[in-house]
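Quick heads-up: it's one chain on its own, the form predicted on its own, in structure tokens.
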Amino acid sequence: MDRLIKKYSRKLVSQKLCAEGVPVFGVLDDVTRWNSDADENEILDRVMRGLSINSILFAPAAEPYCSIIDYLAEYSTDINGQIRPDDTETRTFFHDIPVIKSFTSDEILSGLKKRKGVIIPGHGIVTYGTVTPEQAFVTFSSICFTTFVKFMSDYYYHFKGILRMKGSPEPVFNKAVRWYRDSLSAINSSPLINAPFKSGEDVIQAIIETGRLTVESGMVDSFFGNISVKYGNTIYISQTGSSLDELSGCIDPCPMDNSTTNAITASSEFSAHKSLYSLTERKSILHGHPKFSVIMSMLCDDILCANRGECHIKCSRKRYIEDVPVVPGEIGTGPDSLSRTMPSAMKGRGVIVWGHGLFTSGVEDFTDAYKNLVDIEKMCFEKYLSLVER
């Protein structure tokens, strides 16, 4: 368990979510074991013993997340003291994020009995895992992602005069823009394992490499996203719940003719991948959650639209961000699923699913799919800035 604590502490730092030495992890075995002698341990230990969990994580988020989270906690909570982002991750995994007033065991317990994580303004974020510290890490990462998306979406409507933000959002906005511009400028990676693939093992190694690059470039948060290659009559695809930067042993070969049951453990979006391969001659699919691709997909000035609030499943018009279509679609295989909307829209560089993320595909390997993922995100970032220029 100590190994897992160190692993996810490193991930929090490498993904720029926390500063070095900041994360406080506790794991309950026979006794509670901590990664540091932090002042918060006593309170967090009482929280662990009040819940049926095996691990707890507390940390102040790194900038710009810290400023964004504190701003939203002060000005954007509803009457129940909750932040309610609209993106798909929140809708699927959180519903809302509780904000509590003080770092006490009673308040933290109250929040964590309702949701997977809580925000304490001026302190940080507390999350937990019922089985493994990975769950605490995933929730922490997702809170940082969803609050970033909400703040930037709200700022667009604030700038347009549609929604007035309270206080002074500009300093927070400027800090976030500078940070993200620097992050995008630092990306200089490209997949090295290219087609023609000579074996299924070649395919697996290409998927592992590209998954790692997708995480390292910031094109996906926590473990969300998925990736696949069609090789012969088999789709090699990342497993559901797998981390894109740790795909060794987590890739399922799924025959197109359904002659095995491997698809049971495959990504929840396997049906969307299979549909796209059935419609095109492309051989690879890469799906990430780049922040501004998600943000831009959610921006619409038609506040009187009859489908407002149901944008993730219904949209009254065809939408594009430059040449990239934006489509509705839920996770899974239901009547409003992205497996029905995304594949047929994949005509060019990629497709953005409303509030969810970006899909790109490659002709033979991930060279073009990865490049398109990064290039579309850069385009969305610049497009967003052009909409809020003074």
Partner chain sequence: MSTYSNQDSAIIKMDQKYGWTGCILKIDLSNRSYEIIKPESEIYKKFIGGRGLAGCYLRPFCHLPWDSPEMPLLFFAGPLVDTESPASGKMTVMTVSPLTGTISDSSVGGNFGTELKRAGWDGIIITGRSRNLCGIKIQDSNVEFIGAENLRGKTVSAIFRSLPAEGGAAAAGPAAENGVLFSSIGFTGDYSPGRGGSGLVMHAKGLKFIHVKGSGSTAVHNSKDLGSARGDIMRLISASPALMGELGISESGTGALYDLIHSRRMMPTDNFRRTYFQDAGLLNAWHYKNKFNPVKTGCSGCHILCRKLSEDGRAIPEYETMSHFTALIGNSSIDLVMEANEICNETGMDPVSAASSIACYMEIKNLSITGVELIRLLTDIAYSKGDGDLLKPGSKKIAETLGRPDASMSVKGLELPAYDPRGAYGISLSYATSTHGGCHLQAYTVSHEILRKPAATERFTFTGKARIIKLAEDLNAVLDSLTVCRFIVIAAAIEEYAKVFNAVTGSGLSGQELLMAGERIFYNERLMNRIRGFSSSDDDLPSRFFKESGSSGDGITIPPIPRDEFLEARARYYRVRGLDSEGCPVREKCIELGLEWTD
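Computed from a prediction, not measured in an experiment: that's the story for all the values here. Numbering follows the first chain given and starts at 1.
Beyond the structure shown, there is the form predicted together with its partner chain, which is absent from this document and is the topic of what follows.
Student: Are all three residues 30, 239 and 261 in contact with its partner chain in the predicted complex, where contact means a non-hydrogen atom within 4.5 Å?
Tutor: Yes, because 30, 239 and 261 each have a heavy atom that approaches its partner chain to within 4.5 Å in the predicted complex.
Student: So in the predicted complex, does residue 153 come within 4.5 Å of its partner chain, heavy atom to heavy atom?
Tutor: No - in the predicted complex, heavy atoms of residue 153 and its partner chain never come within 4.5 Å of each other.
Student: Can any non-hydrogen atom of residue 257 be found within 4.5 angstroms of its partner chain in the predicted complex?
Tutor: Close contact exists here: in the predicted complex, residue 257 approaches its partner chain to within 4.5 Å, heavy atoms only.
Student: Would residue 319 show up as a contact with its partner chain in the predicted complex if we use heavy atoms at 4.5 Å?
Tutor: Residue 319 lies outside the contact set for its partner chain.
Student: With a 4.5 Å heavy atom cut-off, would you call residue 344 a contact of its partner chain in the predicted complex?
Tutor: Looking in the predicted complex, residue contacts with its partner chain do not include residue 344, since no heavy atom lies within 4.5 Å.
Student: Within 4.5 Å, heavy atoms only, one stretch in 169 to 177, 294 to 302, 69 to 77, 126 to 134 touches its partner chain in the predicted complex. Which?
Tutor: Only one stretch qualifies here: 126 to 134.
Student: Considering non-hydrogen atoms and a 4.5 Å limit, which listed residue (212, 282, 91, 158) is close to its partner chain in the predicted complex?
Tutor: Among 212, 282, 91, 158, a heavy atom within 4.5 Å of its partner chain in the predicted complex occurs only for 91.
Student: Which residue, 331, 38, 327, 62, has a heavy atom that falls within 4.5 Å of its partner chain in the predicted complex?
Tutor: Going through each option in turn, the one that passes is 331.
Student: What residues in 263 to 298 sit within 4.5 Å of its partner chain in the predicted complex, counting heavy atoms only?
Tutor: 263, 264, 265, 266, 267, 268, 270, 271, 274 sit within 4.5 Å of the partner.
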